[in-house]
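A single chain comes next, written as structure tokens; it is the form predicted on its own.
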């Protein structure tokens, strides 16, 4: 794994309030990296430090193998949560202005903008005023301006906020396509469903500290607890009896979420197997006792992991 962005022991205080407390993380090159956390956790402060908008009190940031410098900002595209367009300007005029601020010539900027406007279905709005745009249309324009100069690092802060499902899916696909073309993406959000759809790695910040980092698959599996769901045909009592002498236990029905209960067939069980090496023997007994239809590990959602991790850290 090649590290593209490295945050090293960053601490930042504002008037006695610690926004970041010795935070470190490593963002692999060419991935979508989820930056998660409750409101006020320190995510926006970290993003501003990466963007060279503010400086840390301690620690440093490494960008593509060297200490982050003001010159690196040209290789960063940042879409902040606080949207902002000049309402009295025409859409195309304003997009062109921002594109030239990113170093593109007027001709190159115009050509790229026209392609993106067509791609997003807003080509008919080029000569209209920004004040006439809906919130979703304005966000499309800002997204385009953010990615137009093809930066190496893209930072999106709640990019799907205010979008309907169709346009949110459009943006999601564009983010994944930018990653596949070589961009490294930092994705800050509260929407855990979006995290599962687009992120390869995550860091969870709570009360100014990094409390959880890793690849999405590793994080989810590490919180799985070796719980398995068994769907079968046959006699349930016979299966329960056969499992009684094995290194596993039936999961208490009270611990199963209501939505899981609604989706389960009459012949289904959830079991806990403590050791990985015992899984094979348990499956063998199940298969010899009833007709096994499915046997799958129950992996917790990122929403569950987020809530559990924050609650556990906040209780310390």
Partner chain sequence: MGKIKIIAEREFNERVRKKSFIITTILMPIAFVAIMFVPALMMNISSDEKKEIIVVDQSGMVGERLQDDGQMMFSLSDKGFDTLKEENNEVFGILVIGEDVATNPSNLQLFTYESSTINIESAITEQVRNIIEAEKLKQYNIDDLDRILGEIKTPVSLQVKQLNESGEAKDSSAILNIALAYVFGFLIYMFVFLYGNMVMQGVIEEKSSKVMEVMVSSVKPFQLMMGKILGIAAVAITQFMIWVVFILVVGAGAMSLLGGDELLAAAQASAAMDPAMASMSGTEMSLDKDAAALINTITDPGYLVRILGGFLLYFVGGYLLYAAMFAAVGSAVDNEKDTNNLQLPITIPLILALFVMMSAMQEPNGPLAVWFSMIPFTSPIVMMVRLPYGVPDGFWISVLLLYGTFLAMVWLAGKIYRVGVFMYGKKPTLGELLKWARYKS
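Numbering follows the first chain given and starts at 1. Source: prediction; values computed, not measured.
Absent from the display: the form predicted in complex with its partner chain. The rest refers to it.
Residues of just one listed stretch (175-183, 199-207, 226-234, 99-107) have heavy atoms within 4.5 Å of its partner chain in the predicted bound form: 99-107. At a distance of at most 4.5 angstroms from its partner chain in the predicted bound form, none of the three residues 111, 116 and 156 contributes a non-hydrogen atom.
Residue in contact with its partner chain in the predicted bound form (any heavy atom within 4.5 Å), chosen from 272, 29, 60, 48: 48. Scanning 164, 217, 132, 93 against its partner chain in the predicted bound form with a 4.5 Å heavy atom cut-off leaves one residue, 93. Using a 4.5 angstroms limit between non-hydrogen atoms, residue 84 touches its partner chain in the predicted bound form.
In the predicted bound form, its partner chain stays beyond 4.5 Å of every heavy atom belonging to residue 222. At the 4.5 Å threshold, heavy atoms of residue 126 stay clear of its partner chain in the predicted bound form, well away from it.
Of the heavy atoms in residue 120, none are within 4.5 Å of its partner chain in the predicted bound form. For the stretch 5-27, the set of residues having any non-hydrogen atom within 4.5 angstroms of its partner chain in the predicted bound form comprises 12, 15, in sequence order.
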